[in-house]
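Single chain ahead, written as structure tokens, the form predicted on its own.
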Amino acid sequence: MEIELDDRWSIGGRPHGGYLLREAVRPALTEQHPDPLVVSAHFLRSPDPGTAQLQVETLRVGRRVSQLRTRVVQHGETVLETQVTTTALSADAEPHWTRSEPPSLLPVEDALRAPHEPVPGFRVGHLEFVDSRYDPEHARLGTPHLVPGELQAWLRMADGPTTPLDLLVLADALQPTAAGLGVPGWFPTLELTVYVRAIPADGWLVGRHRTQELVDGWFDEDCELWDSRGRLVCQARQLAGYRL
């Protein structure tokens, strides 16, 4: 099938990784299993905005989960490959046990929305669609973080309630933690795995990104998202590149 990669979601002329992941997973969802549960993605090349082909291969359909593989192909080359497990999540799910605790943020009305053009001439397209709000001291891209290697913010989709599918976007929506560690430039994602734990309640989400190490041109980034009820609704880990 053909899909259109919307130029409005681009960063420096290339589609945002979380947006690209969401569009690659959307056709894998069915009436029986309408929600993503686990998505593991390898970003092979940066696609151009415009037409691409999406291939969906069903590997298994079970009672509780289905497993599929998707590929985004452009100009005859695979740009993204995903392994997807889908299910039917419950909006009322509560943890049997947890040690997860969201960070304490300043009130959302006192936080500053990240601009979609952080510096003149450089557009971060997904920030037109994602409302992410930071402590004013840390809202500007590249500002040193209060806790080195860690970033916290309020998050929500700007155009309506956040769905489980939208969590694939939000898991990759905060500023790269490497930017707050004095590393300039581009931060391409190599691999991203997302766990969707529950259907988020209406309202703002709290997000936290943390990095353990930057070494040899690569850094890890862990993301946790909590909904307005304080439930951990999404976890993600990625390996991304940096260039000094």
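Note that this is a predicted model, so its numbers are computed, not measured. Start at 1 and count along the sequence shown; that's the residue number.
Separately, the form predicted in complex with another copy of the chain exists; it is not shown, and the next lines address it.
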Inset, instruction - Would you mind picking the one in 84, 127, 155, 169 that has a heavy atom within 4.5 Å of another copy of the chain in the predicted complex? - result: 84
Inset, instruction - Please pick, from 201, 29, 56, 44, the one residue with any non-hydrogen atom lying within 4.5 angstroms of another copy of the chain in the predicted complex. - result: 44
Legend entry - Contact test in the predicted complex: residue 186 vs another copy of the chain, heavy atoms, 4.5 Å: no
Inset, instruction - May I ask you to check whether residue 236 falls inside a 4.5 Å heavy atom distance of another copy of the chain in the predicted complex? - result: yes
Legend entry - Residue contact check: residue 71 to another copy of the chain in the predicted complex, 4.5 Å heavy atom: yes
Inset, instruction - Give a yes/no on whether residue 89 approaches another copy of the chain to within 4.5 Å in the predicted complex, heavy atoms considered. - result: yes
Legend entry - Candidate stretches 113 to 121, 129 to 137, 156 to 164, 143 to 151, one within 4.5 Å of another copy of the chain in the predicted complex by heavy atom: 143 to 151
Legend entry - another copy of the chain in the predicted complex - contacting residues of 95 to 110, heavy atom within 4.5 Å: 95, 96, 97, 98, 99, 100
